[in-house]
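What follows are C-alpha cells for two forms of the same protein chain, given separately as structure 1 and structure 2.
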Structure 1
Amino acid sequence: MQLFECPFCGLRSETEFHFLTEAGKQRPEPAEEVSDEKWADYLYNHKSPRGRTAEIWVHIPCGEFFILERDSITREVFRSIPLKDYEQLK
C-alpha cells in the first residue's frame, strides 16, 4: 500500500484518495464563443503522460482538493500542493 500526502491531513493510505483529472487544464471562456470541439477537448481529452504527471486528487475523508505530482510509470510520489498555491508555483 502506498501513502499519499494530503496537504491538510498529512500522509494517509492511497485508498482514501480519489483521482479527478489532469492538472493544468484551463476552462475555455467566454462560454458563448467556445466551440463544441474546444469544449469536448476541455471536458474529455487527456495528455496521459508517461513519467512525471501533475493531477488533481481529492482526499475523500476531509474533502481537500490538491495537486499530486507523481510518476505514472514508477508510481513514485513527488509532492502534494494545495490548489491555492499551485498557480503561484507555475
Structure 2
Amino acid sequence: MQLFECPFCGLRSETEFHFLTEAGKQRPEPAEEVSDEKWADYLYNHKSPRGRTAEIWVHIPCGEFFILERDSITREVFRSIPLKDYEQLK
C-alpha cells in the first residue's frame, strides 16, 4: 500500500484517493461546439509521461481536489498542493 498526502488531511492510504486527470489539460470550449471525437480525446487520452508528472487527484473523504507531483516510474511522491494554489507555484 502506498501513502499519499492530502494537503488538507495529511498522510492517508492510496485507497482514499481517486485520480482525475493530468494537470494542465485544457478542456475544449465552447462545449456546445466540441465534436464527439474531440470530447472523447479530452476524456480518455492522456499523455502518461514517464518520470516526474503533475496530476489532479481528489481525496474522497474530505472532497478536496489537489495536485500530486510524483514519479510515474518509481511512484515516489514529491509533493501535494491544493489545486487553487498550483497556478501560483508554476
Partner chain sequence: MDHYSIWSLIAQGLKQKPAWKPAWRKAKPKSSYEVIIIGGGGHGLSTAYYLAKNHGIKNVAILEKGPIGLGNTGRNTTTIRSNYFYPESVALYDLSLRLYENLSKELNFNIMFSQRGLLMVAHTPTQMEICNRIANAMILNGVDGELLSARQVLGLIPLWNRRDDARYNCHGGIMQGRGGVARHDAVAWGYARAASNFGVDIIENCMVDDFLLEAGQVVGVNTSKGEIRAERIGIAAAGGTPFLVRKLGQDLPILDYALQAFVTEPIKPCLDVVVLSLGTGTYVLQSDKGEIVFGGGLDRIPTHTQRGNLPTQETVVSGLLEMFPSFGQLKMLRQWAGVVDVVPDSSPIIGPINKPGVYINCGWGTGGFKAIPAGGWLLAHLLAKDEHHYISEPFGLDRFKTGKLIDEATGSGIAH
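Think of the rigid core as the biggest set of C-alphas that the two forms share within 1.5 Å after superposition. Throughout, residue numbering runs from 1 along the sequence of structure 1. Remember, it's a predicted structure, so these values are computed and weren't measured experimentally.
Two forms of the same chain are shown on their own. Structure 2 is the form predicted alone. In the core-superposed comparison between structure 1 and structure 2, the C-alpha atom of Val34 has shifted by at least 2 angstroms. When two forms of a protein are overlaid on their rigid core, residues whose CA moves 2 Å or more are considered shifted, and Cys62 is not one of them between structure 1 and structure 2.
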